[in-house]
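Given as structure tokens, the chain that follows is alone and in the form predicted on its own.
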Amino acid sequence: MKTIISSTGKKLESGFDLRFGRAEWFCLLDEETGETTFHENENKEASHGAGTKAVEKVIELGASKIISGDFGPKAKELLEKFNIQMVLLSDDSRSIADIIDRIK
């Protein structure tokens, strides 16, 4: 299973980003191999539709689960349509590495 974690940066030490559509980066975790890759959110500053464009990126990356702090209504509707699990986490003091350790 591949999981996206919204991130403030492109390193495992980076902070967790509570925003989904406007997150700076997405960390893609392959839970089978443990491999992580970081993907910049090119649409984080879009004037509108950042959430739906982020969903397109999630689908492109093949993720079936997203961990973030919030999902807008349009993004949530699309994620439900594509059967992508949404996990809400409200603690932005965690690093991406901390979250990955909790998943394992």
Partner chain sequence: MPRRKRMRKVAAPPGFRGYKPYGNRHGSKEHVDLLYEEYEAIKLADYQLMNHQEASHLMGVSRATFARVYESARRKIARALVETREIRSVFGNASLDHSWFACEDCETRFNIPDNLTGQHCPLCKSENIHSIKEQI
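Numbering follows the first chain given and starts at 1. Please read these numbers as outputs of a predicted model, since none were measured by experiment.
Quick note: we don't show the form predicted together with its partner chain, though the next part is all about it.
Would you check whether its partner chain, in the predicted bound form, lies within 4.5 angstroms of a non-hydrogen atom from each of 67, 84 and 88? Every listed residue reaches its partner chain in the predicted bound form, so yes.
Could you tell me if residue 76 has a non-hydrogen atom within 4.5 Å of its partner chain in the predicted bound form? Residue-level check for residue 76: yes, a contact with its partner chain.
According to a 4.5 angstroms non-hydrogen atom cut-off, is residue 103 in contact with its partner chain in the predicted bound form? Heavy-atom contact with its partner chain at 4.5 Å: present for residue 103.
Report yes if any heavy atom of residue 11 sits within 4.5 Å of a heavy atom of its partner chain in the predicted bound form; otherwise report no. Flag for residue 11 set to no.
May I ask you to check whether residue 99 falls inside a 4.5 Å heavy atom distance of its partner chain in the predicted bound form? Flag for residue 99 set to yes.
Which residues in 31-47 have a heavy atom within 4.5 Å of its partner chain in the predicted bound form? The one in contact is 31.
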